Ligand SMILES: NC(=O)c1ccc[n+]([C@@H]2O[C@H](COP(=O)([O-])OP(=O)(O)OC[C@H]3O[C@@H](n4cnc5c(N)ncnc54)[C@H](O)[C@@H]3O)[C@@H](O)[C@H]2O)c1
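Just one chain is shown here, as structure tokens, and it is the form predicted alone.
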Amino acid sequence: MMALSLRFDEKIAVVTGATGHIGRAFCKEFAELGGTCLLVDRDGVELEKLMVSLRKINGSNHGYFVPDLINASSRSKMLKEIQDQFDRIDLLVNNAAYTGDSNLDGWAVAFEDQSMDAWQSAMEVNLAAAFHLTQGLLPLLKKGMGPSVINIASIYGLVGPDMRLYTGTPMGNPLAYAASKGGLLQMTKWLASVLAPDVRVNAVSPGGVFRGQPEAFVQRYIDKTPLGRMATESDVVGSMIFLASDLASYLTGQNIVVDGGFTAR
């Protein structure tokens, strides 16, 4: 019987959105388990800090790239750099997301006021970049050890929003975010079918992660969640580590919903 392992010694992961909350937590856990991370994000200063901290964890030669994921030519340049520097990769985590904020014009507003600019930006980062990077890194993935792709989607790729959660707060739930995450889930199934048996492709769909949101929103969200709390980064990362590991070697085309039961009722 094959020995299953949660170790990632000698394995190399490309992680987009690496300096975000989930990306950072995943990279640290992956490094703790022996893996090497190629960090992708738009803030070179934060990437440098994260790379240094990862090198202190396990001494691996972690590296980073600073593309503009909204720009196809910038993505292509990064892909060429990775292809030139590495013979293989073992994991691609499409974690980067265009989430906007309450100050972004045409984003966290009523549907009638949501802008095409915000829509197109979300589709480019959340969907097109995942397509582009998966396609561009496929030759290296095929040379990897038990290679896989993990797409970070959302519960809002599965269900519509309850807008009452946001009443009296500056928060919102733009259609572009939901539509792009729904597309990412279908991309996961399509790629899992087409890239098999060479590369596994799975998704994780987090529910709301606590990050100091307005108290009214948090309480309403908790009231709708069977487990009675919002998620933490660790909750999400646990499922990502599982999907990346040998323990999930027979899983492809799956979506793990990490939401405390929010979508169960």
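Keep in mind it's a predicted model, so treat the numbers as computed, not measured. In this text, residue numbers run from 1 along the sequence as written.
Not on display, but discussed next: the form predicted in complex with the ligand.
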| With the partner left out of view, is residue 56 within 4.5 angstroms of the ligand in the model of the complex by any non-hydrogen atom? | no
| query | With a 4.5 Å heavy atom cut-off, would you call residue 70 a contact of the ligand in the model of the complex? | reply | yes
| request: Indicate whether residue 95 is a 4.5 Å heavy atom neighbour of the ligand in the model of the complex. | output: yes
| Is the gap between residue 19 and the ligand in the model of the complex 4.5 Å or less for some heavy atom pair? | yes
| query | Among 130, 149, 89, 152, which has at least one heavy atom within 4.5 Å of the ligand in the model of the complex? | reply | 152
| said: Give me the residue from 79, 187, 125, 176 that has a heavy atom within 4.5 Å of the ligand in the model of the complex. | reply: 125
| query | Among 205 to 213, 56 to 64, 31 to 39, 192 to 200, which stretch sits within 4.5 Å of the ligand in the model of the complex, heavy atoms only? | reply | 205 to 213
